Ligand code: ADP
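There is one chain below, alone, in structure tokens, taken in the form predicted on its own.
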């Protein structure tokens, strides 16, 4: 196990800035995710940590030692690729033993480590299987075993579940997290999938255009996004244009197309300023009026109702804007028809005033 520190890390490809002045410290034993859309610099950052990309600006430290100039094999890092990189002409045993044989370990030591790694990933009994004889999930476990057998201090995973189907991805993300927790190995995980990051991570760095937009726990990132990009990238949100009507120490009032809405105050917010209120659809209740302090409640026309299995999605007209509510589906649930009106309510502190 080790801690990793990135200091003012940048990377250019020609004149294109792929990674822009990133600084972050990843704690020993932490599961840390780099999350963002394609082209945001997350995989480039991971490859610099691994040593596959040259560090030109800034530094990378592992346990306080600058490894920026070291070769990948000198960093004691295990890297799991998106496409598994399993040798098709070798069976499972030989795939896992490959790196150990390069290190010229004894046959007994290799056998002991390979069998321990197979047990770790739940693949005991698959020693003689070849790539074509395994499912995608089994191949991913072999790829992990081949890395873990070398006893790395840090585990790096680059979109390891992207090639799997949805059901297998769901299964594997819990399996990888449980394995990481049991081993206690410092792990840096790259993904574009917000669900993976929220489920697996101790902390997340959301990246956008080469920069870190926000770092926090999954709950902090989801419940308290700092800007519009993070808000819209992590889950779904109502993004409501508003004008600040009043500000106090305890909160503020917003005008949203003629409706007065109370919300938590944000530092630097000024009366009459244009702003944005972000509100998660699952925080909006549909039904009876919430006539109590600390709640917003309005009767609004329904534009659309969509059945989504465990949820029912309502689309309301809020002046010239739209408000989405997602309500848990129940057998006894009444579903108002489009064109009718219904009460919508949410607690004032469920909304967030965010920066553009």
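Numbering follows the first chain given and starts at 1. Remember, predicted model here, so these are calculated numbers, not experimental data.
The protein also exists as the form predicted in complex with the named molecule; that form is not presented, and the subsequent description refers to it.
Among heavy atoms of residue 60, none comes within 4.5 Å of the named molecule in the model of the complex.
Although the partner is absent here, residue 296 lies well away from the named molecule in the model of the complex, with no heavy atom inside 4.5 Å. Contact check for residue 38: a non-hydrogen atom falls within 4.5 Å of the named molecule in the model of the complex. Residue 9 falls outside the set of residues with a heavy atom inside 4.5 Å of the named molecule in the model of the complex. With the named molecule omitted here, the record of contacts in the model of the complex names 41 to 49 of 284 to 292, 66 to 74, 313 to 321, 41 to 49, defined by a heavy atom within 4.5 Å. Looking at 8 to 25, the residues that come within 4.5 Å of the named molecule in the model of the complex, counting any heavy atom, are 13, 16, 18.
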